[in-house]
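First, one chain by itself in structure tokens, the form predicted on its own.
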């Protein structure tokens, strides 16, 4: 790891990665599992012996719903209403994120439900203040 990155917080490295379209996680040298979003110790075994890794940005949408109105934070008002969901990344990590490319309507959500697990790819939202983890259906 470069010295500048070693001195940065996990939060800064995570958001810097999102700004570049890269999902960064920590991988534990003790139990070989990922911690995402990244923290300073392994969420599985508590080890402090972690490496930075880049995730593929691919996964499977397991469940989708829409937000309530108004948006939960002012930064999301320009995109509300929107869809968010539970995903399992290819690395086995389960995350919640905004899902782009699906309308926040009962009909569109029903179509996603009937389609079953949907392959997705990372599609980071660039907001005025922070990049936000988001995905969209692949293909």
Partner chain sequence: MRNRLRERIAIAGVGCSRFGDLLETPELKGLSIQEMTAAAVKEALDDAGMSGQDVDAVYVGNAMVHSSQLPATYSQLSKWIGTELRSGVHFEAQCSTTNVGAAMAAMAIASGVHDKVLVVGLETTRTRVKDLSPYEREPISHQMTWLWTDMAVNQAYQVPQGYDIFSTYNGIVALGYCRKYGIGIDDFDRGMFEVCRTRRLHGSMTPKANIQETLEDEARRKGYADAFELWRSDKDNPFVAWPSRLKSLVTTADGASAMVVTRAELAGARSQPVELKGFGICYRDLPWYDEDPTYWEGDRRSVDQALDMSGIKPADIGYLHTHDCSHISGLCTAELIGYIEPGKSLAYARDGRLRFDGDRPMSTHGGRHAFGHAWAASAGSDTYEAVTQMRGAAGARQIPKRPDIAVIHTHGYAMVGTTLVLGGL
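Since the structure is predicted, the reported quantities are computational estimates derived from the model, not experimental observations. Positions refer to the first chain, counted from 1.
The same protein has a further form, the form predicted in complex with the partner chain, not shown here; the description that follows concerns it.
Heavy atoms of residue 11 reach within 4.5 Å of the partner chain in the predicted complex, making it an interface residue. Within 4.5 Å of any heavy atom of the partner chain in the predicted complex lies no heavy atom of residue 46.
The closest heavy atom approach of residue 67 to the partner chain in the predicted complex falls within 4.5 Å. Within this chain, residue 96 lines the site of the partner chain in the predicted complex, having a heavy atom no more than 4.5 Å away.
The single contact residue among 53, 31, 41, 72, judged by any heavy atom lying within 4.5 Å of the partner chain in the predicted complex, is 72. Residues 82, 84, 85, 86, 88, 94, 96 are the members of 82-96 with a non-hydrogen atom no more than 4.5 angstroms from the partner chain in the predicted complex.
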